[in-house]
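In structure tokens, the next block holds one chain alone, the form predicted on its own.
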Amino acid sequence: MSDYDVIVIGAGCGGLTAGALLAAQGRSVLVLEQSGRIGGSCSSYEKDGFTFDVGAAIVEVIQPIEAVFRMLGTTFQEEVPLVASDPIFTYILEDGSRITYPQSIEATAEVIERISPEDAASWKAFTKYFSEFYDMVIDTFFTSPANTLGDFLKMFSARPRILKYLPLFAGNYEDVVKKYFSHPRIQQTIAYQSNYFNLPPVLTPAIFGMLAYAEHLGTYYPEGGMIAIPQGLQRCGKRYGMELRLDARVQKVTVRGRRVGGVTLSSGEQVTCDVLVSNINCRTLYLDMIGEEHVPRLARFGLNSYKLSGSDCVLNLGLDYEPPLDTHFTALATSVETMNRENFERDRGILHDEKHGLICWSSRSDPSLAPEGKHSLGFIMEGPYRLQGSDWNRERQPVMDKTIAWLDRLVPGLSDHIVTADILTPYDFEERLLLPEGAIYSFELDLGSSAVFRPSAKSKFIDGLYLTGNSTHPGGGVPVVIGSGLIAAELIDRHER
């Protein structure tokens, strides 16, 4: 008899979602987390009295999250109080001008019309087109398995009208931006969202054009920082008996014949199970923890063929003044062409002194994240793992200094009011979160690595093994990996009775 019905490797949002749902099914579940903190990239930490986020910093497209909490007998808002961001964004553009978009789609059209009446009309057509698409895919693509071509076709058969949107599954985000918008400043505000996928517009799948629409359905920040989301999932799982062990790193996965049998921890302890859920990079899982002898040659080739996603840097600042910003989220945007070029240069390890990314003023939404009268500010920016002629051990402090100097030009007085500063580099994500080369989405989210082309949520060659997290379908991002946990739990309920 096994120690547990299910062992989950990794207490990120995907692993905690699967663990909580499986516990709610009546199974005995143990979640093993290698670090001393849950959440993975969706987490928070304290420094000098300030609370900062590790990576994820924004909550959008909340329907998959809401669905999971309902299945756990509660609601997302009850477990995780959310603060709505309205206005949604202030965009600082290449020419230094600023555009602020409210949540209202109609009010956003008025903002755009003051710059380009033609694009205001296109904005209305854009949002109508993607609203219909969003309504059809939100409860299918993000919460349905894509293990086989048959699974993928079922998504279309469940929503026949989705065939109208087939071009989105073959095109790129740049095509979408330039089809609807002609004014350079408006293009920058719409193209910015491809940054969320760590890809330039020319490589970002066109389906993600819906994000520029979905943000206007609600953009939020959780009280208590991003760690509040995994804490809510853990709390729900605990009500159903889910166990969690921190500082418990899995070294090996036991496979007997074609079926998982348990894990061996770095301490040498062995724990057995009937079903294993992995929330870690699946290349690490299959090739290192399970071993190549259990992985068919074609599968090994496939795993090695995936390109790791890019990584980021996160600069976190504790301030003793209120920064002169208008919104929680301030995006430093640039043109489609610049984004494409800088991605090519990033792949060559080139760092830019002028950074483009997202400023997140977390204490604006939740003042408790900073000491009284002070503020927490984060900046998420590019961070290639390999640097041309250098490395992150040498560049950590210079990049921090140059980035602060750059931000000081955009946020007056910033550098004079910093009381504490910290920077997380790709090396930190690799060491602390065990993300290979700091790859925040495991593998790239381009068309060739999405849906049925991404590693299967139900292993095709090891029985009892299931995947969650960003290395399987639907990909990366907080609501998306939570969707992956839902998919894994439902597959286990179907196949492991």
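The model shown is predicted, which means the values in this text are computed figures rather than measured ones. Residue positions are given as counts along the sequence shown, with the first one as 1.
A second form of this protein, the form predicted in complex with a small molecule, is not displayed here; the remarks below concern that form.
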Among the candidates Ile380, Ala212, Leu369, Met339, the residue which, in the predicted bound form, approaches the small molecule to within 4.5 Å (heavy atoms): Ile380
Ile112, Val177, Val314, Ile359 - the one with a heavy atom within 4.5 Å of the small molecule in the predicted bound form: Val314
Options 452 to 460, 438 to 446, 44 to 52, 66 to 74; stretch whose heavy atom lies within 4.5 Å of the small molecule in the predicted bound form: 438 to 446
The small molecule in the predicted bound form reached by all of Pro474, Gly483 and Ile487, non-hydrogen atom within 4.5 Å: no
Distance check, Leu32 to the small molecule in the predicted bound form, heavy atom within 4.5 Å: yes
Contact label in the predicted bound form: Asn279 to the small molecule, heavy atom within 4.5 Å: yes
Partner proximity in the predicted bound form: Ile58 to the small molecule, non-hydrogen atom cutoff 4.5 Å: yes
4.5 Å heavy atom contact, Leu465 and the small molecule in the predicted bound form: no
